[in-house]
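Read on for two forms of one protein chain; each stands alone as structure tokens, with the labels structure 1 and structure 2.
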Structure 1
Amino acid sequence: MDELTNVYIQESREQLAEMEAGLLRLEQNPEDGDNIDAIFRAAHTIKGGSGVIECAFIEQFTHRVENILDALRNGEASVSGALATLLLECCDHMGRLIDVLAAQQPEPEAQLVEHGNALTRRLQVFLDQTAGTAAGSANLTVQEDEGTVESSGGGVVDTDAWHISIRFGPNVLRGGTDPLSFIRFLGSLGEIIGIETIADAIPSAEEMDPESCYLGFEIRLQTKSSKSDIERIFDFVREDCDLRILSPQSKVSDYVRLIQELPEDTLRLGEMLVRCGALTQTEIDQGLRDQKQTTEVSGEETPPPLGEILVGNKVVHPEIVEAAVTRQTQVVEKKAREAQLVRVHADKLDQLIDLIGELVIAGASANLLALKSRNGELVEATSVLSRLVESIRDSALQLRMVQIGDTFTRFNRVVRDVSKDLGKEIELAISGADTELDKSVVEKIGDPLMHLVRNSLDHGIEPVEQRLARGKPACGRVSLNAFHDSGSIVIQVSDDGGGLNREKIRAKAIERELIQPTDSLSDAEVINLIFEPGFSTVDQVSKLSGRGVGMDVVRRNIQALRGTVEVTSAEGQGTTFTIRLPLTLAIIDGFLVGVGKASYVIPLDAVVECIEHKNLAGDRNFLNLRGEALPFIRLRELFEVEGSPPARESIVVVQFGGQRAGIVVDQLMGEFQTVIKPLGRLFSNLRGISGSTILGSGEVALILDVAALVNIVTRSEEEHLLPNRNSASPQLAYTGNSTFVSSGR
């Protein structure tokens, strides 16, 4: 596919999203003219582009949509729910047409064509309603009536050339046009066989404004072009000049009339016409005499003195409406930001990130070698290098950062459609739309978010009667929020609905044998059971959420992104799902630790502090850290590393989701930038490991999954406290406040 089409497709999809967003706003604010303008502009851009790339099927359909939008814009049609819905459907259809183009099919399939026709028919109904008013306003501007030159006898001038007589208005130069370039351009229509420059209008020196135009021209043009072709050249100055065109068949009397109508002295003008070859001296003398006679014979008033006949101003200048300055702050800001953008193919960016990954590794390797060499200058040089590499890495990753806003706004439509289907009244509130995260993450978060939002719409928000009975506003609210938190991005989906019913969840979990009736679980643990495989609390599966995809899939998808999801809920007040994701999947700052001969990397942003500890008690797995209990885990035990621990072990204190835990290792090896290589499928079930990396020395180091480790640690502590509990759900993420570990920093 050629580049132009590619650009068009991408742009059209963006415009379509704008259009859809605008249409959704339209229902809320039907009177918002700026918004209607923006919608129109989006459709117009799509149509305009389709013309450029010559895609007829998009152009035709979009043209019809544009028509109705134009009617809306001009106030000829009014906004109604039905129209908004129809336009949204048109939006969808346009999207599908763009898909057809993107798939490089020459034509949409018959079914799609028929759907388009059906939409067109419905559009026509709205257009018909507006037809009456539209006709009235179509003719606001009065076109210049082409002055017909009446023939008043006399012979035809013997010439095959057009005669063009033009007097430029004073403001022509100020409009950035040079009259001479128009005259020169005439030459491209044929041959200028005669030209006279009329400078009579130039006033005396004091009055002459050098930025005003005073010139006129009498031109003989031999051309096959039509009158309108000639006129078109002067289109841009038509309102500001006096243009007369005589066809090659014009009679002498036509010229006489011309001479009389023009402001210059008759004789002088006659002379000019002779000079430029329009007429012979005889013709003009004869013509002028005839003219005089007819007026005398008929006894009418003599023609007004030449020079007094003003140029008939036949053009009705339509009033120039000083349109109020439209301000569309939101769109403006967004567009202004987009203006700074360069479109880069995602593949190129990924390639760059890959290369930088290699660079980071190579840099780390050089660093290690330099340190070993004990060559001060070399160490110095490599440390400068690694600082630069670090900056490049950060900038490169920044390149892939995108705002989450676009992902969020897509849900406007979902909320609108679904709430209509369900007969509920629900609004979507978006905050933190400018929070940035890696493009690769954004691409994959859409589905889980969709599921959570639909869940809130379907199960979260209660029916209107129930809401009113509970003293809540009839209109439910679903919120999407995003923010950064210590190296992660947090995305929240909340609703002000009924909240989760703990007893129901508990009962269902027991029924599904996820837990035992005797298990004592905290409230937070109970509601997080909804993420367990095969869990559904709704008695009747609705068509929206009951697609056989449960919350377990949501959690799995998020975990695949090295993220977590948890839910909090207050019964009767609402539910909040909190997703926590790494900002990027590609590179992390790591903290290198060693156990036996193996090396492990702990993501640096999870590290709180390091403690050296002698003779760590073997049987207990928590210690007293400044008065607080810190549970810990021995990597040596977890990964069954051979050998015995050294006398002095180190504890890396890590924090995740408000909980701290210690990781016991043999030695601390310092900070280390690392590129994450995903683990092969074989290791995907490995607990506590999120990836691997290659050290500068060429050895492989495993990257620890701090979230999982913290869970393992805190859970094993809970098991101590709650010996009755059956650990049937080993992967459950417990991050509520139920553990005894203090969560404060």
Structure 2
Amino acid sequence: MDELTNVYIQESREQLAEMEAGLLRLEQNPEDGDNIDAIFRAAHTIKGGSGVIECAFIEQFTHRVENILDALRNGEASVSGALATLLLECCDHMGRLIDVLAAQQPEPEAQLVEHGNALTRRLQVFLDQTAGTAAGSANLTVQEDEGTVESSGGGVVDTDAWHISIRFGPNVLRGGTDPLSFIRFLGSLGEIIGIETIADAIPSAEEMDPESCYLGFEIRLQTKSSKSDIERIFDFVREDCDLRILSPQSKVSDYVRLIQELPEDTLRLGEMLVRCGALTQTEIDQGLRDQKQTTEVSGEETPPPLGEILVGNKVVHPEIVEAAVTRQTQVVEKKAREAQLVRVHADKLDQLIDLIGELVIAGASANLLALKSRNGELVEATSVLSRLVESIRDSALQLRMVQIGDTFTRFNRVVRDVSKDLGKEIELAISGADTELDKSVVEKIGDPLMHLVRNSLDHGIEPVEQRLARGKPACGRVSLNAFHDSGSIVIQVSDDGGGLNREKIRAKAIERELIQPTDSLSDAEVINLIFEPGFSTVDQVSKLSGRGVGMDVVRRNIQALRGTVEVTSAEGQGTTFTIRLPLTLAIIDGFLVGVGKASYVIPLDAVVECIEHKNLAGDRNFLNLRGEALPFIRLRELFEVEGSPPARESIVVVQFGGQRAGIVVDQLMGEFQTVIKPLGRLFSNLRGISGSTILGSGEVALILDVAALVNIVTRSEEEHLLPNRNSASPQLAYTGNSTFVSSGR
């Protein structure tokens, strides 16, 4: 695909997301005219772009959607739940058509075409219902004029003059039609009393395509014909032009809307007002003369705003001036934002991160050689180089950081559709949408979040009758929250539903022989049984859930991202799933430690402090740290490293998820920039190790999984505290000088 098509696909998906978000807001606030205009503009932008790249199947369907949106915008149709649902389905269909274009297929498949035709027929039903309203749209009520406007300009135009705003599409000439022929034929309906040619879209000579049309017109027409008669003239090019028609008795709001929808970005205030028919050029010229005279009299360098003078001369309504100024402000802000953004393909960023990772390794090697050489100047130079590499690394990683808000926002649609299917009232609350994390993490966290949200909607939130009986509000709430904590990002999915029934979970686990009736499990362990493969407490399978497929997939996908998922629940009050993920999957700051001849890296964000200790012998793996019990784990025993430990060992105190633990190592080797290298498929089930890295010496060091180690330490101590715990428990445990034991598998 050429570059233009790629840009269109990307921008169309952004417009579709805005359109869908607007439709969800529209259902809550049907009277929001600005929102309706924004939805229409999004659809119109998609349709216009499809014409440029000559994608007929997107252009044709989007034009049908645009018709019903135009009826909504003109007040000829009213917002209803059924119409909002239909338009959301149309958004989905437009997304699938864009996928067809992205797959470089010439036409959509027959099944997709038939689905589009079915949607078109349903759209036509709504259009037919609004036909009576549309027929009378030319007889709009004249706005009351309280005498603030003395000339024919402003909110009420001459009673026998129509205002026609048209922008011809680029393919009009290629279709063999002449734009001027439509203008001439328009004159047969009456008298054209004013016409303004809009040539703003004409590019520079070297970029101009002689077969493309770049013209638009603002026309004043005196006629006794109806709006439908005027529209009929442009039927042959209706799908390849942008046409707006204001009747002789239009309201101020109609002119305000026209100003806001003008496609040109470089219009000055006076040009806007003249082109939309709110003022005549004579009135503008008089205003400019008054502006100049006022400046000369006052002696001030800054002239008064033209809008104030026009309102003072009583030739225009203040609302129209305000709309024009707002339009100008939007254009300036949009250009400022676009000037600050540069689109970069994700693959190029990934390549940059990989190269910086290699630079980090090479820098560490150079630093090591400098230290061995004992050359002070060389050590200083490599030290400066290391700081620069660290700054480059942080800046490059920041390029891949995106806000999680876009991922959260898409669940508005999910909550809306699922709640209607289930017959429940559910609202979605989003907080922490501006929290940033690595783009690669965002792309992979969507599916696990979808599972958790759907489970909250189906199993968590009770039916309305049950909520009312429990004294809860009829409308349930599902919350999505994100925040940073100890170098990780925490995502919480919570609901105010009925919570998890521990007795039911335990009974189901015993039935499936996951545990024995005599097992003594804590509340947390009982709840975590829901993550077992195939586990479900639902008595009846629904189309959403209940087959036991989902929660184990959630945990597996999150663990693949070097993250963890925990669940807390209060029966009758609700459930919260807490996901902890690393901020990035590429490069981190690490703390290098040694055990025997091997080196290990602990993520620096998880390190709290380091302690030296001589006497660590004993049956219990914990010590008294300033009045608090600190459980610890010996890496030498965990990885069965041969040889005797040194006389003085060190404890690295780490923290994860509010829990602290100690990791006993032979020596501390300082901070180290760590380029994370993923483990091979052979080691995919290895716990306690999250990856590997290459040291400056060329040796390989393993990166420790702090979350798994903290979990092992705490469970090891629980084994001592609960000696009657049956070993058939499916939870992982660390025992003495062995590695990992996963019983019951």
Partner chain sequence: MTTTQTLCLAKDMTIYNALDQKQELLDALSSSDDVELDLSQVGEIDTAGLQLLILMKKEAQRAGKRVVIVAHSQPVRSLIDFCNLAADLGDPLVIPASEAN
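If you superpose the two forms and keep the largest set of C-alpha atoms that fall within 1.5 Å, you have the rigid core. Along the sequence of structure 1, residues get numbers from 1 upward. Keep in mind the model is a prediction, meaning the values are calculated, not measured.
Identify which of the two structures, 1 or 2, is the form predicted on its own.
Structure 2 is the matching one, since it is the form predicted on its own.
Residue shift check between structures 1 and 2, rigid core fit, Asp519 Cα at least 2 Å
Yes; Asp519 is a residue whose C-alpha shifts (by 2 Å or more) between structures 1 and 2 when the cores are overlaid.
Do you see a C-alpha shift of 2 Å or more at Gln559 between structures 1 and 2, with the core held fixed?
After core superposition, the C-alpha of Gln559 moves less than 2 Å between structures 1 and 2.
Please determine whether the C-alpha atom of Ser226 is displaced by 2 Å or more between structures 1 and 2 following superposition on the rigid core.
Yes, the C-alpha moves 2 Å or more.
Cα of Ala205: shift between structures 1 and 2 in Å, core-fitted?
So the C-alpha of Ala205 has moved 39.4 Å between structures 1 and 2.
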